[in-house]
Structure formats: structure tokens, C-alpha cells
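In C-alpha cells, the next block holds one chain alone, the form predicted alone.
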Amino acid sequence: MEHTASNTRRIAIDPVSRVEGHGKITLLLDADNHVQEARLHIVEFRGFEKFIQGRPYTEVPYFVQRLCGICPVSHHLAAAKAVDQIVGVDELTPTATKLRRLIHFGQVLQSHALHFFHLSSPDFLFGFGSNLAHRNIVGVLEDYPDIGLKGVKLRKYGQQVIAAIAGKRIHGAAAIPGGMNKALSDDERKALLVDIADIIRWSQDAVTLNETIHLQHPENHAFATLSTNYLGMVGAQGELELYHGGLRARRADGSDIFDQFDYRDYGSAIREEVRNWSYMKFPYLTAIGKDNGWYRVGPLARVNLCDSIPTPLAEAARVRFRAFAGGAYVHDTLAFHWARMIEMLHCAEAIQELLNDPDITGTDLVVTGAKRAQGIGVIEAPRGTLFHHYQVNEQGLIEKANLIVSTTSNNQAMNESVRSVANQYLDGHEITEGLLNHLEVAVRAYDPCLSCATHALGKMPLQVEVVSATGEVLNRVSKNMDGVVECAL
């Protein structure tokens, strides 16, 4: 806690726990504990867009996996789709397409299982203000072993799908320009089929658990809830689509902003704003403008936006989900978890379908074409719509790169949710760890991957402190996004 010169005090949650990456939340409180300001700060810097410049385009799908250890397949496939365009390929072979879909479903399944069971379920099973030492996955395994073990096994299975196709569970080698680098053997296919019935059943249980939690706790319906625009990918018939489709953006009331938009023209639909207190940019829809054009992506957006889900059990769950809001969009921020489990169920069903598809063990894996100067790949990552855009020179080296990561798109919404919870639960109250965890619960609902989302437009703000041996800050010098240097002491 830090006291400021204006009779206010600053409280920091640093780092935000049980999320991927490093971030902090700051609160500015007056003498009566009234909230003057609440912000989510992203405090790590990665800079992938800069240091892949000058590298051969063929390396990019492997480099960008290192953005993240939780969703590397998403970056791998988005980059691969962009590189496909660079080598002049617009359509892969049926087997290559289905292998990419299969590894992607495995990725989404394991990521969704990890986020709910390992990171978020302790809040809902024990309570937001419960004993901190017990509010974790170890506590879940002790008190709810059936739930905890299902979560562990669901994630393990998703990773097994990834390993079968990419050679290992994290940072493997799967997609190559114009296709895939190896076929799936029949033995690998049969091994993955052994447990799929259990995976589907456990995914159904996870949907039921989240549905029950949400319906039985009406006090959570307004928690961090926002009425927002939504963005996501849909298939040709408006169905849920995680690998390839058109972009759909709608307002909170369900009215169209655009539909079946070609993502290769994303630059005309989305702009990004830079703010000097965060390494994460703030995207907005140009059709609405900077002030009101921010939007949400991810499971809540996708299940709201789609007209159907092309697997039966997940579709039945989607119908119940939408019925909760009387057929309108569900804006409850904590319903992200419910939607996330519906998607996990869809992935399990889709994996079963693909493993029974004769094409999945085919050997026709690569297509070639004529080189192009740029490629844009978009995919629905676990956390939302993910954009990779690369431009290359005549030597095939990357000249320019731009990534709009899912968590970046949710940046404004996460900050709005933090402010909402701060005003609703903390304003005027004595601050306790349990109350501060309410802010983290709001952020965790979005399943942010903060390490994926951090970058800047070539200028990096910097703060340097000179600290004595006793811990006293002797001097503090900062440089802002515009390069202006200020001495604070």
C-alpha cells in the first residue's frame, strides 16, 4: 500500500494470481476508502512483433508458439494460416485441414479445462472470500476429488491430442507452409479413441456444474457484468466456428455491426489505441468509434454470437444458455465460465467425429502455390479471436508483423469489470484480501493470457528506482510512451 500526496492511498494487487502472465490491479482510495480509480496494468513486455522482423517466414509459426505455454497451438495455427497465404495457398487438402482442426480442438479443450478447474473453480467451490491458503487446485483435490481429478484428466487428454499430431504437448511441430508435416497413424487414432467417451461425459458434467453454479447464485449475475459489443468468428451458416470462417460483430442488443466479414480486411474494421499506463493496446471497432467501439471476445462472445453449435450435446447446452437470458444475449461476465465449458464439450464431440473420419489418417498433406507479399491468419483461440498479420520482402524475410491477441481485445472490458467490482464491493469498505480477490475473480473470468497480449508501438515506457540498502526510494526516474523523461523525487 502506498500513500500519495493528495490524501489518497494506492493499493496494488501485484501480481494478479491464477492467470497466465504477469499483471497487476491498482486501486486509488480516499481517506474514507471510496474508490477514485481502478485499473488493470500489464507490466511485462514481450515484443514478438519486433524481433521476428528479418526472420524467414517459414520460422514464424514455430517462433510465435513461444509467446505462451498455455495456448501455443493457437499462435502456431494463426501464423500457419498467414504463412499459407504467403506461399499462395488458400485451401489445404482435406486431411491437412482436419488435422489442424483436430489439434486445435485438443488445444481449446485442454486450455478450457486448465482455466476452469485449476484456476477458477476454487473461487466458486469455496467462495470468493474463503481461506486463501485453501483456495487453490490442491484444496479442490482435497475437498472435491471427483471434480478435481476430472479437470486434470480433461486437460491431460487435450494435451495427448496435441502430442499425437505435433510430437509433444507444448511447442511441437505440426503445421508447415501449405499443410501439415506428418500424418496421424491409425494406432495413434485408435489410442485417442479409447478415452473419448469419458472425455465427453466429463465435459457434460462440467457444463452441468457451471450451469448449476450460475443459476443457483443470482448474486453473481450482476458481478462485473457489462452490456457490450461482441466479436467472433462464425461459419457460413452462422454456426460456432473455431478454426476458419467469417467475422461477426454485434451490439449488445444483438443487432449487426458486420457479418461474414473477410478477416483479411481486418485493418478496416479494427483499430488499436495505445495508453501510457499499460503495455497492452486497446482495440475498438471503427464502425462505432474509439469511445464506444470496444468489444468482448472469447467463449461468452462466441456462444452469444453463433446461431448454432454443430455438435448435438453442445448445441443443447447452448440453447439452455441462451434461454437463461430469454433468448437475448447473456452479458453476465461470470457466465464466461459456463460458455467456456459448453465450448469444451463441443471440442470433445468434434474430436470424436474427426477421429472417426477416414480422412484423418490420410497422407496427402501439402499444397503449393505462388508466393505473395503478405498473409493474414485468424483463428478463434481459447480466449477469443486471434489475428496474425505478416508482410515479407522478396527474400522471404519478415518486414512487418502485427498481432491482435484475444486478451488485447478484452482489455477495455477487463478494466471496466475491475472498476465495476471495485465500486460495488470495495467502495467505502475496509479492504481485506477476500475483497481484493473479488477484483481478481473479475479478471479471471476472461481467462487472460497477459504474456500473449503485451507489446507496444516501438516505444517502451520505463521506470527506474534508486533504492538504499534500507529499502528507502532515493530517486525515481521514468520515461513515458512519448520518450519524455521525468524525475519524481
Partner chain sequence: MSNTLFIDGQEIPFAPGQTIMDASLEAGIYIPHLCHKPGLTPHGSCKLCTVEVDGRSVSACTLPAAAGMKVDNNTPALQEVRKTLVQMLFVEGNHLCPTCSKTGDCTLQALGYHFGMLDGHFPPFYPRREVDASHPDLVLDRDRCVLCELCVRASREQDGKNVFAISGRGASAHIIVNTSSGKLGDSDLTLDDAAAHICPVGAILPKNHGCEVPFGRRTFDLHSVAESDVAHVGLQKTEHHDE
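This one's a predicted model, so the numbers in the text were calculated from it and none came from an experiment. Residue numbers count along the first chain shown, from 1.
What comes next is about the form predicted together with the partner chain, which does not appear here.
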Considering non-hydrogen atoms and a 4.5 Å limit, which listed residue (Arg201, Arg322, Lys182, His217) is close to the partner chain in the predicted bound form?
Lys182
Check each of Val367, Leu305, Ile176, Ile376 and return the one that places a heavy atom within 4.5 angstroms of the partner chain in the predicted bound form.
Ile176
Quick one: find which of 60 to 68, 441 to 449, 27 to 35, 428 to 436 has residues within 4.5 Å of the partner chain in the predicted bound form by heavy atom distance.
60 to 68
Would you classify Gly245 as touching the partner chain in the predicted bound form, given a 4.5 Å non-hydrogen atom cut-off?
no
Indicate whether the partner chain has at least one heavy atom within 4.5 Å of a heavy atom of Ser227 in the predicted bound form.
no
Evaluate Leu397 for contact with the partner chain in the predicted bound form, applying a 4.5 angstroms cut-off between non-hydrogen atoms, and reply yes or no.
yes
Should Lys371 be counted as a contact of the partner chain in the predicted bound form, where contact means heavy atoms within 4.5 Å?
yes
